[in-house]
Structure formats: structure tokens, C-alpha cells
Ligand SMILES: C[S@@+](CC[C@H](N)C(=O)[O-])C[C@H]1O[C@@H](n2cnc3c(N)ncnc32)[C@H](O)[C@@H]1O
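Quick setup: one chain, the form predicted on its own, written in C-alpha cells, and binding and motion questions come after.
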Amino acid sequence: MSRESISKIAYKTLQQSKSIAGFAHKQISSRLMNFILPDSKLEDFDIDKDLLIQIQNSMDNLREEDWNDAEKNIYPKKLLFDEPWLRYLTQYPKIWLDMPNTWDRRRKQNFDDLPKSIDKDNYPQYYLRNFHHQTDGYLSDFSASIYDLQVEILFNGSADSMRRRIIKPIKEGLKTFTNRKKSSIKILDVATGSGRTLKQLRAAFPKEKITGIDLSDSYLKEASRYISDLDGDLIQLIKGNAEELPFENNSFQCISCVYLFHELPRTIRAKVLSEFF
């Protein structure tokens, strides 16, 4: 068996293990919390088996595409195995300890349980809520510290594979600027969050200038810690609202955005998109 075949088996085994772990966590936590805090909505909830098969097939296709892009050197193959296990191990107990609060918030449909210390005037109204019932929304260091693992569990271990779907179209688009030095190419990542996407981008674009912008101080602090030891030029982090990007027109050759638009009201999505063009 070739080294490439072994690597592919290792990659798929890793991804499938993450998928199983994410699904198992949701099953166990749901049953446990429904026993402690019964919820009639969950008692009658049943997932269609055909839908589960479709989701699994879609995830298999995602992994195959992820592997093939790395094989074509669209991004380094090391990204396929880049998992912050120590970070996740420290985050995981926090998720369990916080689960009763999240569960209670979900049962009561409480969407505005936010830290008292925040200045609400600094944020748009739609941002002042508990997205996915998470504690503190996007407005605390605690929320930022467990976000990456929460997303991995939510997407059954496929969050990074999904993030990497942006790299191929970015490379295709930047071919327009082949007459320019890579060091003069600027990439902006909007709603950069805890910095996981920035790490993917830096690995794929080691010489380009990369900037991340986000509305949350806490998430920007988390991103700063996370990307502080990356190779290449320093990634710039800026606090700002995607509705009013604090840059002159045509400042960037590329704008990326992951896991943002589904959180925005429809009218705000259009406003954000207008900032990109």
C-alpha cells in the first residue's frame, strides 16, 4: 500500500471518528438533559432515516473533495490533520458544565440572556441575542473559548472541511492578479470569529496580506491568541461591523466570509453584500 493510500485512510478515519464523536455527544447530551429537564418538543422529535443517509453521503462527498483539493496542492495536506486536541480537551468540560444553562434557555425560548456588563449601544440589535442558545451570544470570553469545539460538534466534525471550501474559489479568483507580487495581494476575512478560518487562509496563502474583522472584542482576543504563532506575516485583526466596513473601496483583492450570513436578518444580508462590491 502506498504512502498516499495510507494517508488518505488516516484522514478519512480521523474525519469519521470526529463525526461519530459529534453525533454521540449530541445523542447522549440530549437524552441526559431531557431526563433532567424534560422537554416535550424533544420527546416527539424523530429524525427521518433517509435524511440521515443523505447527510452522511453529503459529508462523505465533502471529505472526498477536501482530500482531492489537498492532493492538487490547493492547500497544504497538513491542514487535513490539523486538530487542536489539547485546546478541545480543555474546552469540552466547559461545554458539559454549561449545558444546563443552554438547555434551560432553549426550553424557555430566552434569546436575550446576555452579560450585564456589555454596552448594548455598541452593537446592532440583531447581534444582541443568544445565537443557537449559546451562553452570552458572541459577547464574552467564555463564549469565545468554547466556540470552535461547539461548531465541530454541531457539524459532526466537518467544520474545518467546510471552511476550506472557500480556498479553491479564492485561488481561482486571485489568478486575475498574477501580474502582482503575492505580498501585495490583500485578503479580508469578514466575521473572522475565533481565528480558525484565518489559520486555514494563512496556510494556503503564506505570502499574501491577511486581515480579519469581527464585531466581538472577546472573539478577536481569542483569534489573536490562536494565530499568534503562525508562520508568515502578522495577520491584522480589526474590530468592525460588516455593514460598514472601515476600508476604502478596492482595498482588498479578495473578501472571504464563513458562517455569517445565516445569522443575519435578510435586509442586513443585502447591506453586508453591498459592502463587498
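Throughout, we count residues from 1 along the sequence that is shown. What you see is a predicted model; the values in this text were computed from it and never measured.
Keep in mind that the form predicted in complex with this ligand is missing from the display, and what follows is about it.
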item: Proximity to this ligand in the predicted bound form (heavy atom, within 4.5 Å), stretch among 72-80, 174-182, 120-128, 85-93; value: 120-128
item: Position in contact with this ligand when the complex is considered in the predicted bound form, options M59, M33, L215, I235, heavy atoms within 4.5 Å; value: L215
item: Whether Y147, T192 and T197 all lie within 4.5 angstroms of this ligand in the predicted bound form by heavy atom; value: yes
item: Contact flag, Y259 vs this ligand in the predicted bound form, heavy atom cut 4.5 Å; value: yes
item: This ligand contact at R163 in the predicted bound form, heavy atom, 4.5 Å; value: yes
item: C254, heavy atom within 4.5 angstroms of this ligand in the predicted bound form; value: no
item: Heavy atom of E64 within 4.5 Å of this ligand in the predicted bound form; value: no
item: Neighbours of this ligand in the predicted bound form among 229-251 [non-hydrogen atom within 4.5 angstroms]; value: G240, N241, A242, E243
